[in-house]
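In structure tokens, one chain follows: the form predicted on its own.
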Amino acid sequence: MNYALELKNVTKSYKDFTLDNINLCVPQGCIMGFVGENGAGKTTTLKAILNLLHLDSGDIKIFGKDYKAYEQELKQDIGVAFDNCNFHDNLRLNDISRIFAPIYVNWDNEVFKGFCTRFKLPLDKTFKEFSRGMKMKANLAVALSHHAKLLLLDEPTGGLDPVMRDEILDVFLDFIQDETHSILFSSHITGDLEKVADYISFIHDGKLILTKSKDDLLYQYGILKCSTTQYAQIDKSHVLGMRKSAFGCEVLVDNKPELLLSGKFTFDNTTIDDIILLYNKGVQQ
């Protein structure tokens, strides 16, 4: 398998937080959803990939090349959209091509104008007149207009209405039709990830907890509601989270098909959100 991005034992310590020994691989031709609570380390990981901070240890490769030794070359092939807009308030979209054409050798003004039209962005208004959603769309238009092969996205659909979010997700699906293209997509809107992601990586408190294909995650993992007597019958090696209530137990397991076949247990429909929330809580007695 060819990887667009490889992180091996990536570590960065701060006074009150450590990005701890992160190992993460993003295959070419896929979208990887990157999830975790606020402060879990998602943005720190993205900044590490972009060489915006000095690592304590670890290696990062992009398209098989060292991210530092080939930084200028590799950044030509990376599109970035963070959840804030860093364009000067007095700039207009009409100014963007003049700024970015000297930076990106493959900058394509026609593609940029096409995305501005598609996203209904006014070319003659200043950024200080843009809403948060408009600024996010402007970020994405820039990220998609220099023929990048890897997109690094931090909450790219935040602030967008459901109709526009759905259109943006279609853009991402179109982007990865080229099997050399990949997306690492950090988001709190896990419903968006359920629509488009091929893989899900879950980071918690600076540690990468799991990486699974989305289909395996939703097929293998499940939350069952049962009595304490039924809970006692479950193989605890498959229990990833559990909480008790006055009505019984909610149990996150990683062997849902096996338990379904036993005929003893039933499962509610489970979302990625449900899995992450209960996984995050652990086993509560």
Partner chain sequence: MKGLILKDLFNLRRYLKTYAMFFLIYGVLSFMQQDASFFSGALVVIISLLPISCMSLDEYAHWDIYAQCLPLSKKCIVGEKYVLAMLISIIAGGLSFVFQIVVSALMGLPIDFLTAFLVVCACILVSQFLNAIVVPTVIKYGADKARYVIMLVALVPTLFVLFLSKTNIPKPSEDVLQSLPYIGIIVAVAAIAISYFVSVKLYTQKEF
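Note that the structure is predicted; figures quoted are calculated from it, not measured. Numbering follows the first chain given and starts at 1.
Missing here is the form predicted in complex with its partner chain; even so, the following discussion is about that form.
S.K.: Quick one: is Leu50 in contact with its partner chain in the predicted complex, heavy atoms, 4.5 Å cut-off?
M.R.: Output for Leu50 is yes: heavy atoms within 4.5 Å of its partner chain.
S.K.: How about His88 - does it come within 4.5 Å of its partner chain in the predicted complex, if we only consider non-hydrogen atoms?
M.R.: Contact with its partner chain, yes.
S.K.: In the predicted complex, does Arg132 have a heavy atom within 4.5 Å of its partner chain?
M.R.: No, Arg132 is distant from the partner.
S.K.: Heavy atoms within 4.5 Å of its partner chain in the predicted complex: does Val80 have any?
M.R.: Answer yes; at least one heavy atom of Val80 falls within 4.5 Å of its partner chain in the predicted complex.
S.K.: Does every residue of Asn109, Lys113 and Glu167 put a non-hydrogen atom within 4.5 angstroms of its partner chain in the predicted complex?
M.R.: Verified in the predicted complex; spot residues all out of contact, no.
S.K.: Out of the stretches listed (201-209, 185-193, 167-175, 71-79), which one is close to its partner chain in the predicted complex, meaning heavy atoms within 4.5 Å?
M.R.: The contacting stretch here is 71-79.
S.K.: Between the options Leu160, Ala148, Val142, Leu153, which residue brings a heavy atom to within 4.5 Å of its partner chain in the predicted complex?
M.R.: Exactly one listed residue reaches within 4.5 Å, namely Val142.
S.K.: Counting only heavy atoms, which residues in 4-28 are within 4.5 Å of its partner chain in the predicted complex?
M.R.: Going through 4-28 in order - heavy atoms within 4.5 Å of its partner chain in the predicted complex - the hits are Lys12, Tyr14.
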